[in-house]
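Only one chain is given next, in structure tokens, and it is the form predicted on its own.
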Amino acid sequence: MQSLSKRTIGVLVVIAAVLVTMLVVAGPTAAAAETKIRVWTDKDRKAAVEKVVGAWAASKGLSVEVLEKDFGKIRDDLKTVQPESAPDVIIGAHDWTGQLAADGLVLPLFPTKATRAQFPSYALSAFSYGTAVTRLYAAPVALENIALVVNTKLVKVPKTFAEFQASALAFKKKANGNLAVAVPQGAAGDAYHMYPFFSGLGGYVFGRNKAGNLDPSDIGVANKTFLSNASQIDAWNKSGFLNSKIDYGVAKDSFLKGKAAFWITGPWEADTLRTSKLSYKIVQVPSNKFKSVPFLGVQGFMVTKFATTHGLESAAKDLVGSYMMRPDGQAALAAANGRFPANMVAGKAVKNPLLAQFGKAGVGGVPMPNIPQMSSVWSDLASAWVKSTKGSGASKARTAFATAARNIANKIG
């Protein structure tokens, strides 16, 4: 038995030596697969992402693969991609958060208190989701919102809503075909562009529960405060201050041709404004009964569940939850596609005056609700505005918005 044990031990030693040799040979190949972090981003940000993420990767001894994707397909492709070709990090819109988190496709982040302090609360809440516990699921990197663009050769920049209304109506009366406000609606309506008028009267989409989470049972489309102010909408319709027959093309064309002194639009029209040769100022719609804040679109980077599969969860969370939230990276990413950075330190350093004005106009804005129930809101809220501001034959605003609220509640169930 004793000699047998020695022979057995000897065989095991030889086997172990062979295995060690095999691991040494195979080691570099395995390590290479585990040290490349894959990022999906869109065309506008690809170059900036390669630069920013590349610098981080180099400091960590990692490599990075940045793949260009159609922004609109990133969310859907993440659901069907095979693990071996899946991304560890994606760029995404904040209103994807609820569904991606509920499906377990993205992982929560835990940035430090000092890092979180560099962001406005609404930028963080845009990517926060949960029932019992609200968690952050992305690093916000860019903010997008509409604002009031004022042709300063035609009118003065209004300081109050009363001044805004009076100036717009006076301009409308100056010539046939003039518009009071070039805000797009059209036959299908546009709840997004109308939101400053909605929030200024006390309207909201969803309230929040005691835990601070969006509550789809608290629908504010026809809340008491808003309905008590809804007669203003009837007056706007009667005077022609708002007209739902104006679609996006008409609104834009009217402003550029001097047939409207006020245009409500967003930073996607930056090139249009820069080449227009018009004198303009970009501001938030003046406060009405409440601050006339816009809806906010927030874009950010998320860590996918596949980072765990690839053994890169810790690295991906360091990249997104720490490095990508720093001011220098935020500035580079925001400038790459003409959007204001979410990081407030980076925001203060923005040199582009047009971008800076849009950023200032978004302060206090409301992130578009990121829960799945928001899909039940858009069409009915837009329809309420169309029905109550279509001129002759318009519905009373109280009726239009109360109907919209009931329809939304029925859809949500």
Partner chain sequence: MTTHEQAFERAEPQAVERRGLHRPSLSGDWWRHLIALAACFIAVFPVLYVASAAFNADQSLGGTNLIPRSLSLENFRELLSPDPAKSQLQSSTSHYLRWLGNSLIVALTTSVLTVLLGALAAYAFSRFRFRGRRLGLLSLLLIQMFPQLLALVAIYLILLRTGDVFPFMGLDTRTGLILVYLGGVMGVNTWLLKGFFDTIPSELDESARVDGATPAQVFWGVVLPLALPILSVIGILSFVGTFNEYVLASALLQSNENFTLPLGLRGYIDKQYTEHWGPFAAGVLLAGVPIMVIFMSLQRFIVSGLTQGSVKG
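Here the structure is a predicted model, which means the values were calculated and not measured. Positions refer to the first chain, counted from 1. The term rigid core refers to the most C-alpha atoms you can superpose between the two forms while keeping them within 1.5 Å.
Below, we turn to the form predicted together with the partner chain, even though it does not appear here.
Among heavy atoms of Glu269, some come within 4.5 Å of the partner chain in the model of the complex. Of the heavy atoms in Ser85, some are within 4.5 Å of the partner chain in the model of the complex.
With a 4.5 Å cutoff on heavy atoms, Lys257 counts as touching the partner chain in the model of the complex. The closest non-hydrogen atom of Ala335 lies within 4.5 Å of the partner chain in the model of the complex. The single contact residue among Tyr204, Tyr122, Tyr192, Phe290, judged by any heavy atom lying within 4.5 Å of the partner chain in the model of the complex, is Tyr192. This chain is drawn without the partner chain; in the model of the complex, the residue among Lys73, Lys159, Arg208, Lys238 with a heavy atom within 4.5 Å of it is Lys73.
Here the chain stands alone, but in the model of the complex its contact with the partner chain, taken as any heavy atom within 4.5 Å, falls in 246-254 among 246-254, 226-234, 162-170, 281-289.
Applying a 4.5 Å heavy atom cutoff to the partner chain in the model of the complex picks out Asp42, Lys43, Asp44, Ala47 from 37-53, in order along the sequence. With a cut-off of 2 Å and the rigid core superposed, Phe358 has a Cα displacement that falls short of the cut-off between the shown form and the other one. With the core held fixed, Lys387 shows a CA shift below 2 Å between the shown form and the other one.
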